[in-house]
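Single chain ahead, by itself, as C-alpha cells, in the form predicted alone.
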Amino acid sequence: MDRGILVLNSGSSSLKFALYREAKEALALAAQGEIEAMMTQPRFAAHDEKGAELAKHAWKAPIDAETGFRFVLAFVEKAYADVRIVGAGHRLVQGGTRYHGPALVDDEALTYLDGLSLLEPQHQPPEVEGVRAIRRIHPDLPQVAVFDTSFHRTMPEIAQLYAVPKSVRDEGVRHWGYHGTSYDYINRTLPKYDPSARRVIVGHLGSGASMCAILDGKSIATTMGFSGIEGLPMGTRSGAIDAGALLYLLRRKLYDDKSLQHLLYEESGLKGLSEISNDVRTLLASDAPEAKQAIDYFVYQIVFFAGAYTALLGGLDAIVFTAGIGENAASVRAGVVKQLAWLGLELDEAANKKNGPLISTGASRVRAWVIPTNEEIMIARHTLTLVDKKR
C-alpha cells in the first residue's frame, strides 16, 4: 500500500484538497478537488492527475468546514483504498516570528497560530479552523502547517521594519511578506533551468500578486508587507495606498473598519480601476480605455518594483514569471520585459507567445523565464519530511 499525503487549503467559503501518493520514493499527484460556495450552495468536484472527473456532489443547504472535510476524507478513503494517509499538510498564511519553516501542529501551536488571526483576518481564521476540524475527525493523524511568511524570514532585519515605535512593532506590525510557498517552489526549481542565476526577481502574478527579490536562494525583499494588500495591485485588492487616504475615508465616515476592509480586499485592484472585471483575460479582450488603464497600471507597478529590486540585488541575472497571469498573459509579460530593456533584457516574441519557458533571446544579458508554480507539491513534500522525522 502506498503512503499518501493530503494537502488542504481551507477558506472562508471553500475547501481545496490534493492527494499525493508516494511511489518509488517520490510524491505524485493522484487527485485534487474543491468544495465551493460552502455558505450558500455547496458543490464538490474532484479530478484525477490528468484532469478527468472522478466525482461530483451538491448539497441543498450550507455546510461547515468539518462537514466538508469529512466528505473529502470519505471520498479519498473510498476512491483510493490502496493509499494510506500518513499526514495532512495545510497552507497557512501566517507563521509569525516563531515559525521560520514548516511545523508539526499540536495544541500549543494551534493556540499561537489562532492568536495571529488579527494580523490576517481574511485567511488565517478559516485555515486554523481547518486544522482543528481534521484534529476532531482524525486526532492521531500528523498535521503540518506550511506558512506563506516563512520564506521571507531570511530578509534583512532592516527590510522587515516599518518606521514606527518599538511598542507598535512589538504588536506584530512588521513587513511579513506572503506567497512564500510559491517562491520556495520557484527557488528550488529555477536551478534546473538556470543554474548560474544568483540575483533573481520572481513575479507571482495571479489574482493575488506579489514580487520577491532572491539573492543566492534567499528572500531579501518582497512586495506584500504587513498584510496581503500591500505592494502590487491585484484582482480585487488595492496594492500599496497611502495610509493617510484611509484615515481620510474613516474621518469622513464614508467607511468603518469592516467596510474599509471590504473595499481594499474585494472592490479595488484591477476590478476597482477598470470597473469592468478583476480577470486579466477579460480586461485584455476589452476595448474600453478603463481596461487598458488597469493593465497599464499593473505593468507599471511590476516595472517599478523590478527596478528597485535590481538595485537591492546589485544587478539582475534572471526574472521569473509565475502564477495564473505570469504563466499565461503574454502581453503582460511583454509589457514588463520591454520596459526593462535598459537592463539588457531582450524579449523573444515567439517564445513569449508560446509561454516559454525561456522568453528572452540568446543575446539578452538577463534571462526571462516562465515557470509554473506548484504550491501543493511543496506542502506535500514538507509534510512528508516532517512526518518521517517524527516517526
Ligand code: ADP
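Computed from a prediction, not measured in an experiment: that's the story for all the values here. Heads up: residue numbers just count along the shown sequence, starting at 1.
The following text describes the form predicted together with adenosine-5'-diphosphate (ADP), which does not appear among the structures shown.
- The partner is not drawn, yet in the predicted complex one stretch among 324-332, 52-60, 345-353, 25-33 has residues with heavy atoms inside 4.5 Å of adenosine-5'-diphosphate (ADP): 324-332.
- A heavy atom within 4.5 Å of adenosine-5'-diphosphate (ADP) in the predicted complex is found for exactly one of E230, D279, E120, D194: D279.
- This chain appears without its partner; in the predicted complex, the one residue of S207, T310, Q160, Q301 with a heavy atom within 4.5 Å of adenosine-5'-diphosphate (ADP) is S207.
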